[in-house]
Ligand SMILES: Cc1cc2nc3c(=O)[nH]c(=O)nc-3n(C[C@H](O)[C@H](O)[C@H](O)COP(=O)(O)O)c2cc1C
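The form predicted alone is given below as one chain in structure tokens.
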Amino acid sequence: MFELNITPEWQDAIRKRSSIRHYTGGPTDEQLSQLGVLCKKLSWQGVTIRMFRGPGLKGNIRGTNVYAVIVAKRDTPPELEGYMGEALVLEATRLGLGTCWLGAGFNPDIVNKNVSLQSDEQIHCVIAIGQAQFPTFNPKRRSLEQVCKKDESALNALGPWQLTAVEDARLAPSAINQQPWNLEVDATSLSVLERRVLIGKYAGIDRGICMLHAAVGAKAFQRNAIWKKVDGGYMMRA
């Protein structure tokens, strides 16, 4: 589970990505074609990602009518939805596009009809995609010391792949920027663990996004992430 071929350029995309609500247009046909190829690669392990152009997004998203729908079989871990969906986000960013994860910013009746949702499937989120209208706003994140519960000297003692992985994980987007995770890191592993937040509806998906960022950071040092379920979250060895 969480097996994915990570593109090295996603490392830069993590730092360029921001949540965009206003666009100057949709993706080009070439960009849509490239994203469509990736959607097929991401559609497995209980998750299917499909692209649509047309009605479905609510009025707070302006300038694009293109979106990706994350369809999950029931009992699929929400972290997997976030992991695969964020891979699409980073690839769209690499292609020069803007994106925005939406849990409430879409019309479920229209989207469910477009997808022809089956009885054993569910949709929690969609991703708006288009030509970004700048400037954008990047919310503040908790510091590495807060996220990892380590002081500066302990963080400086981490290996290069671990430090990059936690830095990338810290930058992950989350619903209303709650960052519903804590990170534990030692000499051989990094864990993304549950953190209680005020609104937990999308917390599992958000943790999956964080996990993908951590895996991208490890990949920058030619280390492939292998995730294992542990008490309170998931642990990565790389």
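What you are looking at is a predicted structure, and each value in this text was computed from that prediction instead of being measured. Residue numbers here begin at 1 and follow the sequence given.
FYI, the form predicted in complex with this ligand isn't displayed, but the following is about it.
The stretch among 171-179, 186-194, 49-57, 30-38 whose residues place heavy atoms within 4.5 Å of this ligand in the model of the complex is 171-179. Remark: residue 104 counts among the residues lining this ligand in the model of the complex, judged by a heavy atom distance of 4.5 Å or less. Taking non-hydrogen atoms only, residue 205 approaches this ligand to within 4.5 angstroms in the model of the complex. Remark: residue 100 counts among the residues lining this ligand in the model of the complex, judged by a heavy atom distance of 4.5 Å or less. For the chain shown alone, residue 19 is a contact residue for this ligand in the model of the complex, at least one non-hydrogen atom being within 4.5 angstroms.
Between the options 88, 125, 144, 158, the residue in contact with this ligand in the model of the complex by a heavy atom within 4.5 angstroms is 125.
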